[in-house]
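What follows are structure tokens for two forms of the same protein chain, given separately as structure 1 and structure 2.
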Structure 1
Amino acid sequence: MASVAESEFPLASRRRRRFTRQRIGRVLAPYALLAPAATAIGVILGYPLYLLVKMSFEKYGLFELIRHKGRWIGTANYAHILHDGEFWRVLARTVVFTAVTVTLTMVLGTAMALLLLQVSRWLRVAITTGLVLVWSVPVIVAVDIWRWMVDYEFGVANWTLTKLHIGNFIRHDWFANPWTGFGVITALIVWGAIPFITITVYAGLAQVPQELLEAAAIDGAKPWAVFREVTLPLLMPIFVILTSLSIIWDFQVFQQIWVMLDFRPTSDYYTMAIYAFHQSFQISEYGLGAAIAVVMVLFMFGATLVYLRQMLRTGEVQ
């Protein structure tokens, strides 16, 4: 019947066929454009994510690594971790470290953004340039700089603190005690993270309508009240995104500690990422390492969800 129709109305059907081919092209085009990127993400991010979960339920040691095949052992890895005191210590240490670092980063970064509003124009340009300079320093370079500054013998930090009569820091080894050691690492990370926070918050502050601030001031609100009641609510989306990003970045801290302590941190310095790395690459218990990593991902999931929702709500979806 189709052939009859075709012979009866040859022109119309040809037009219709061209029309559909064009339509199929338009429907398929976006998928063809996406295919290369989607394939790369699928193979190198998607599949390993699946593999990570699978491995966390397997015995996966050196033998299995050579055979390219794990052995299913159910939840034994998780049971092992949860009954391990070391794991809980590492988890608590990572949570505290993240809380302190993120709080310091956000508070100092925001304070500096507010300071940028107050200083003269030339100084604002100078500070912004300085911040971008700091921002651009590669992490490994930053670690080397800080390691040099807190060197126990010739470091400029020990000399300065001694001169300022804060205490006797001559030949003080900051890494002998994990508390001061983490203090240095926190300082390094906060120093490196402030520029991004300050510049982003300042960009947000600059977009707050002046009339609102003036109206509040005319109504007799004190500067702090203006900040809390007008500026803060308007900047909330930015703060949510920056805080969740900072949590995500700081919770998985690895290279700063790893390089700062010469590739062999003692277990006092283990955070989740280092603990997982140690279990898999140093004692070849890849299954255990995977289970630790899964727990780490789950912990970060909350921050990730908040970030995603905010990004979709604000950046979306023209």
Structure 2
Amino acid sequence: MASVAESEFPLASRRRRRFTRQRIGRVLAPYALLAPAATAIGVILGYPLYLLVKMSFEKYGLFELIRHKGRWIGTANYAHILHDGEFWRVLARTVVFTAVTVTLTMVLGTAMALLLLQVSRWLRVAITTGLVLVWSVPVIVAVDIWRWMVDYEFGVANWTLTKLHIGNFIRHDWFANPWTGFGVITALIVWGAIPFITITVYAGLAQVPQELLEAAAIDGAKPWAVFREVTLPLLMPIFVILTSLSIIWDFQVFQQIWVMLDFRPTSDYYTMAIYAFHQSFQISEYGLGAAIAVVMVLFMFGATLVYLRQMLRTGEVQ
């Protein structure tokens, strides 16, 4: 019957087959375009991640490193770190450190973005240029600059604070106390992260319809109420994405702490990244280090899920 119908209506049959091929092509085209990148990511990232997970279930010390073969011990590494008081102290320190840095970054970055809306065009260009310059400074260079600023003997910050009569900071060691030490490290990380937050939030603020802001002001709303009730809901997708990215970046901070403390931080300055490095390369317990790294990956995966979910929501709304 199908052959008879096709012989009687050849043009309609050809159109139907062409439409079917085009429809299949439209469905498969995105996957075909993504396949090379997905394959490269799978090979470059997937295989090392597999080795990391595999090593986390093995006893892998110097002896195993020489033999290039670990000894399977199941979940013993995870049981060890979960029953280790230092692991929980480091985890709590990392969570608090991440919460403080992300909060300060988001608040100060948003405040600077709102400031850019109020200043003149030339001042806005000057501030934006300064932010871009800060953003472009390599991490190692930024750490060296901050180390010089708070140096024990020649720190310009110590000299300035002393001259302003805020206190006697001559030969003051900021890192003798972990609270002040982490204060300096937090300031460094926030300083480096503010430009990205400010520029992104400012781009979002520039897209907020002015008539909504004017209507709220006419109704008698104060500036803070306008921001809370009108601007913030419109920019919520941007804030969620920026917060998720900041959590991912700040939770795995390593270079700033490692270099700032002269490549030998004490246990009071351990975050999850430094703790994993310490276990792996300083005491040669590579299996334990891998288990800690896997826990970090799980935390990052949770933050990434929030980020991807918000991205999908944004795409559906658009």
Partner chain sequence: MSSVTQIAPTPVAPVAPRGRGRRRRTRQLGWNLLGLLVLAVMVFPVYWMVATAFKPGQQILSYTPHWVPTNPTLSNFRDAIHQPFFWNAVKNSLIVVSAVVALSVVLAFLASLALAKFHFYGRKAFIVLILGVQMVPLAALIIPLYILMSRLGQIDKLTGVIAMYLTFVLPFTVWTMRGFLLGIPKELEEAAMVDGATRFGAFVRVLLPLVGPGLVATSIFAFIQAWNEFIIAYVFLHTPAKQTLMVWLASFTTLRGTDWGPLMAGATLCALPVVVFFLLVQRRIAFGLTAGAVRG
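Structure 1's sequence is the ruler for residue numbers, which start at 1. By rigid core we mean the largest C-alpha set that fits within 1.5 Å across both forms. Everything quoted here is computed from the prediction, not taken from an experiment.
Between the two chain copies, the one drawn from the form predicted alone is structure 2. Put the two forms on the same core and the Cα of residue 45 is off by less than 2 Å between the two structures. Here residue 33 exhibits a Cα shift of 6.4 Å between the two structures, evaluated on the superposed rigid core.
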